[in-house]
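Given next, in C-alpha cells, is a single chain: the form predicted on its own.
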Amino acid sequence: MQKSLRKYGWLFLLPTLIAFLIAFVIPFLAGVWLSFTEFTTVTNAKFVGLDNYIRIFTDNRDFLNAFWFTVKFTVVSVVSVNLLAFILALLLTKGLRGTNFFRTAFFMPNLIGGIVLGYIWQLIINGVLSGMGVDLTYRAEYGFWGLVVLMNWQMIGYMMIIYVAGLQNIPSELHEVAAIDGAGGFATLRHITLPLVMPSITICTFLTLSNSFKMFDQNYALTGGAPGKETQMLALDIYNTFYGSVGNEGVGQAKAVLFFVLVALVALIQLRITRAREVET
C-alpha cells in the first residue's frame, strides 16, 4: 500500500497543481512581466524597463500617501480588533449564560460582503454626522475612523471564535495550580494564558494584518478615497491608477507588484515574531 502511494500519489496531486499553476502562478508571472511594460492589452505590451516603477514615485505622491494611510489604519485596526476580540473571548469562556447566542451574534457581521458593509456604515455614520452639518467626506479623520469602526465590526467576531478555541485548549489544571500558588488574575493571564494562546494570536494577527492591508471594497464603498484622495488605501490607489486613464496600466501593474511584495514581507515578519513566542502545551 505504501509503495503504491509513493508511486502513484503524485497523480492525486496533479489536478490541484495544474489548477494552482493556471489560476495563480502563470497570472502572477504574467503580471510581473507586464509591470515592466507599457500596455493597454496584454497583446500590445511594450517593454519599458523600470520606467513604471520610477513613475510610481515621481508622477505624484498618491502611492506614498496611500501607503502611509494604509499603515496607520492597519496598526490601529490590528491592535483594536485583536484586543477587543480577545477580551470578548475571555468573557465568553467564563461559562456565562447565553454564551452560544453571543458567539453567533458577534460572528454574523463577518458573513456580510464588504461592499454592502461599506454602504451600510456610510449611511449610519453620515446619519450621525449630519447633526453637525458634515459627512464622511468632510475631513480625512472621519473617513479614517469610519474605516476602523467598520473593520472592527466586521472582524471582531471572527477573531473572537479563534481566540475562544485557543482559550479552551488551555488545560484547566494550569489555572488551578496557579490559583493554589496564589497567582492573581493578571499574573495568570500574563504567564499562563497569553503564552499558551500565542498560536491563536499568530493566526489572528496574520488575518487582521493581511485583511487591513488588502482592504478595497469597504474603502471603495465607504469613502471612495474622499476627501480628495486622503482616505485612499493602497488597493484602491492601484485600482484607480489602473482603470483611471489610458496609459497608466503599466504603472498600476507595477504598484500591484510592489503591493504584493510589501504585504508578503510584512506578513512573514509578523509570523516570524509571533511564532517565536509560541510555547507547546
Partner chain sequence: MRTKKLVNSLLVILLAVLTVAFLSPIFIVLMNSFKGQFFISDAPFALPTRDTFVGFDNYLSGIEKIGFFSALGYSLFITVFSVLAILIFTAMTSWYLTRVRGRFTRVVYYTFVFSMIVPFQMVMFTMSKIANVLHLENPVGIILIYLGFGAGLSVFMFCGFIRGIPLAIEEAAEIDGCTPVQRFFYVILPILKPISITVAVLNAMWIWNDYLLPLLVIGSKYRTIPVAVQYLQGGYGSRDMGALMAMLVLAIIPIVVFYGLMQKHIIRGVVAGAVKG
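Because the structure is predicted, anything quoted here is derived from the model rather than measured. So that the term is clear: the rigid core is the largest set of C-alpha atoms that superpose within 1.5 Å between two forms. Positions refer to the first chain, counted from 1.
A second form of this protein, the form predicted together with the partner chain, is not displayed here; the remarks below concern that form.
Contact check for F57, M132 and Q232: none of the three has a heavy atom within 4.5 Å of the partner chain in the model of the complex. The partner chain in the model of the complex comes within 4.5 Å of a heavy atom belonging to Q253. The partner chain is not shown here, but in the model of the complex it comes within 4.5 Å of a heavy atom of L34. Shown alone here, N110 lies within 4.5 Å of the partner chain in the model of the complex, counting heavy atoms only. When contacts are judged by a 4.5 Å heavy atom cut-off, A264 counts as touching the partner chain in the model of the complex. The partner is not drawn, yet in the model of the complex one stretch among 140-148, 67-75, 123-131, 185-193 has residues with heavy atoms inside 4.5 Å of the partner chain: 123-131. Looking at 238-256, the residues that come within 4.5 Å of the partner chain in the model of the complex, counting any heavy atom, are I238, Y239, F242, Y243, E249, Q253, A256. I18 shows a C-alpha shift of 2 Å or greater between this form and the one not shown [criterion: core-superposed Cα displacement of 2 Å].
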